[in-house]
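For reference, the chain that follows is the form predicted on its own, supplied as structure tokens.
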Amino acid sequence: MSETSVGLPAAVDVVVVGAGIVGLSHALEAHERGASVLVLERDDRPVGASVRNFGHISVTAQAGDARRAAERARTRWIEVAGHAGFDLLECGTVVVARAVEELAVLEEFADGRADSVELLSGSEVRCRAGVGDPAVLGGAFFPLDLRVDPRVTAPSIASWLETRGVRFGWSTNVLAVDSGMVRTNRGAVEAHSIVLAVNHDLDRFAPELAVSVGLRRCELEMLRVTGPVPANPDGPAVLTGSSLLRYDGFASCPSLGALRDRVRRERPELLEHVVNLMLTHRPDGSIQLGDTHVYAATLDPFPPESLAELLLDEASTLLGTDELAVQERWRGVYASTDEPFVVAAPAPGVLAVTVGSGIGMSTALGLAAETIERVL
């Protein structure tokens, strides 16, 4: 394979723009079908949404196409973890119910998902989730959900793909994408097919498409905390009643309206800041918690500290301690679109793939298996 003067291959079958989980998933699927693949990434390692999340592979709470992709992704996650050498926990998710309306939604949800939802008593929830709030009434367990450490997962997959022959152009800024050609700050590369997996930056490459799908940027406030809480690094992810208002899988539950009305009356700030209170335990025993949501085409660079304080207050109540100490705080950014998936061809031979709603980790490995057929 001939190369440019700066080390990029002069031509490949497939160029993938973006080394987040969506781009890596498409690179894997194309490679396994015998294509020569080049992944181009503007940074020298993955640093975007794929490393700034909970590492929660949410299978059960999805609906429609997202549920199908998540179920397929679950199988792929287990396969890829075995090859790439990162830890994957088949630990499930515990959903905590602290209001009768939350418990009603979970009971209705379980009626339609008997094979993948187990209802829990209050004591079972406190034991499995490690929460101390005396208001816990019960909850549910989703055994199909998985967990990974997002800080190491995407880099591990990229390293493994490199050993298999996938080429990577790190620190390579893509300037333009045309049919059959990708132009970068390190030269041009010819390609039979191009996958644009650039998350919220879809509007930088395909502005008309971005407008048509209602693309905005969604910014999340997230924290890593420590405190007098038993470490549970192998334990389940923990969702709460606010999560029921976020995931599409619960949208058809008859009691969801009553839950939303109660939150609007009693805790309107949770709706105002689109809070999804959830947490996962990290390998070092600390707790990762979040998150709030702010939507805009261009995000304000100065988010108020009150968002982090809101998360800390909510987590302190859930965990039953007021001694949480913040070790790290960060903001994740992902694409928000009208539908969960954007799969479109802005030009012949170019496929743009964006996962909206923050479910890239949960669905990308399943979605890529479907969309790469269109590329090849």
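All values reported here derive from a predicted model rather than from experimental measurement. From 1 onward, residues are counted along the sequence shown.
Keep in mind the form predicted in complex with a small molecule is missing from the figure; the text below concerns it.
40 is the sole member of 315, 351, 40, 307 with a non-hydrogen atom within 4.5 Å of the small molecule in the model of the complex.
The single contact residue among 136, 103, 174, 253, judged by any heavy atom lying within 4.5 Å of the small molecule in the model of the complex, is 174.
Highlighted residues 60, 89 and 236: none comes within 4.5 Å of the small molecule in the model of the complex, counting any heavy atom. With the small molecule omitted here, the record of contacts in the model of the complex names 52-60 of 30-38, 52-60, 321-329, 343-351, defined by a heavy atom within 4.5 Å. Taking the partner from elsewhere, residue 197 is found to have a heavy atom lying within 4.5 Å of the small molecule in the model of the complex. Using a 4.5 Å cutoff between non-hydrogen atoms, residue 160 does not count as a contact of the small molecule in the model of the complex.
Within 4.5 Å of some heavy atom of the small molecule in the model of the complex lies at least one heavy atom of residue 201. Though the partner is left out of this view, residue 274 does not reach within 4.5 Å of the small molecule in the model of the complex, counting heavy atoms only.
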